[in-house]
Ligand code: GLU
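Next up is one chain by itself, shown in structure tokens, the form predicted alone.
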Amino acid sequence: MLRDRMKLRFAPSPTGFLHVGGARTAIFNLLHARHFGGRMLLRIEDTDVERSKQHHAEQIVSSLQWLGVAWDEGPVYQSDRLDRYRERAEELIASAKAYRCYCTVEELDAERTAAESAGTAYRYSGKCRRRAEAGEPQPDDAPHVIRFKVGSGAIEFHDLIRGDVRFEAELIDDFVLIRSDDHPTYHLSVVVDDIDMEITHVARGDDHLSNTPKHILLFRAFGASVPSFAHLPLILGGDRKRLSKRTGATSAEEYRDMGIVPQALFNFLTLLGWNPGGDRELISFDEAAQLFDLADVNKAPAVFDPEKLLWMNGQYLMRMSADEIHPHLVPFLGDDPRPLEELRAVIELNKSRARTLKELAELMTPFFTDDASIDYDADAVKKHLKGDDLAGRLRELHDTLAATEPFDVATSEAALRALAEARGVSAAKLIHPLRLALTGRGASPPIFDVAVVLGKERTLRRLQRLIERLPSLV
């Protein structure tokens, strides 16, 4: 197929939220399309009436948008195309490639029970197929399904990831195309759509591998070109078992709620089973699109490492500007978040110390807490508020900072260190109590940066409050 006609699709079923496996599939489809100058379609496969939910479809679309998966066409909903699937199924009946099956549930259960008793694998007996082929009259108005006639011989195809794959048609049942409720099965709807929407490449999870021979038979029955297939290996948890909720099988929305920025999750999922070469860990979408090819995806399952994701998210936060971080941070700042102008300096000061947006918001709390409401960490109090000269030492520090002009990082640090030298104590004897006074914590960004961001007046007020409370703390 010509490169400029390449077209892929991401086709989730709205039976649940967009999980990380689905998100990776969407990303791989998009990157392959972009690398080869192709297009990507978003198709919502919602023909399973009982399990498909509109709110899940909306959530999938929203999650993809948040993640940065920008499709070119769609979303197309299969539920809008039901007549088309029935029409194509009737075409197969007319060409004797499919038939109506009137077997009841009870009859099929009896066949299945008999096979189990005989110790053989169950296969549909094909009695309705034989009736159709014999030209026996068929009651069109009776409840029935439409089955595809599976022939014999090998079904072979080249998988872009797995290589050459072979199935034996004799092992495949005459599968259902239209259910008794007149709704199409996955097999029919996906093939009809891929033909009508001119899909050239199908990249999906390898749990679909057993469906592929059935789909190849349908493409051929319709006289259509068979697309190229790429079946993506599983994603495993750290225990090397199928990904579970405990090991990271979380929806994209939940990662967003944990404080993961979309760029980091996109980067992380891009590298689950694909490597751009070397030891590179951070890669932008544009850089990945220049290099990505489904044929380069690892055949072995990828391992989902939550700690690696947190590390990567921290790396992104460190490199992003406050302006870039702020839109993602707002949901973590409470019901009345402050404008960016008030937050910019605080974000810049704390972003390198956080691995998630939630952590960043927590680190920023002391900067917006009322001066009189600062709580002092008990361990930090015990460790740093000691010495007979403590009160005098802190009063001198207060007076020194009050006289410091300009109140910037370099000048305030020089003033504190000069005071420490004059008193014959280490600078730490002043720095740690100052940190406790300003943040209530034993750890913070560089304390002189903290003081400057707080401003001189608030710094002095908080230091004075600690001095006044010393009798009750030590």
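The numbering used is simple: start at 1 and walk along the sequence shown. Quick caveat: nothing in here was measured; it's all calculated off a predicted structure.
Just so it is clear, the following notes concern the form predicted in complex with glutamic acid (GLU), a form of the same protein that is not shown.
- Using a 4.5 angstroms limit between non-hydrogen atoms, Ser13 touches glutamic acid (GLU) in the predicted bound form.
- Looking at His208, you'd find a heavy atom of it within 4.5 angstroms of glutamic acid (GLU) in the predicted bound form.
- Glutamic acid (GLU) is not shown here, but in the predicted bound form it comes within 4.5 Å of a heavy atom of Arg204.
- When contacts are judged by a 4.5 Å heavy atom cut-off, Phe367 does not count as touching glutamic acid (GLU) in the predicted bound form.
- In short, of 185-193, 154-162, 313-321, 327-335 it is 185-193 that has heavy atoms within 4.5 Å of glutamic acid (GLU) in the predicted bound form.
- Looking at 45-72, the one residue that comes within 4.5 Å of glutamic acid (GLU) in the predicted bound form, counting any heavy atom, is Glu45.
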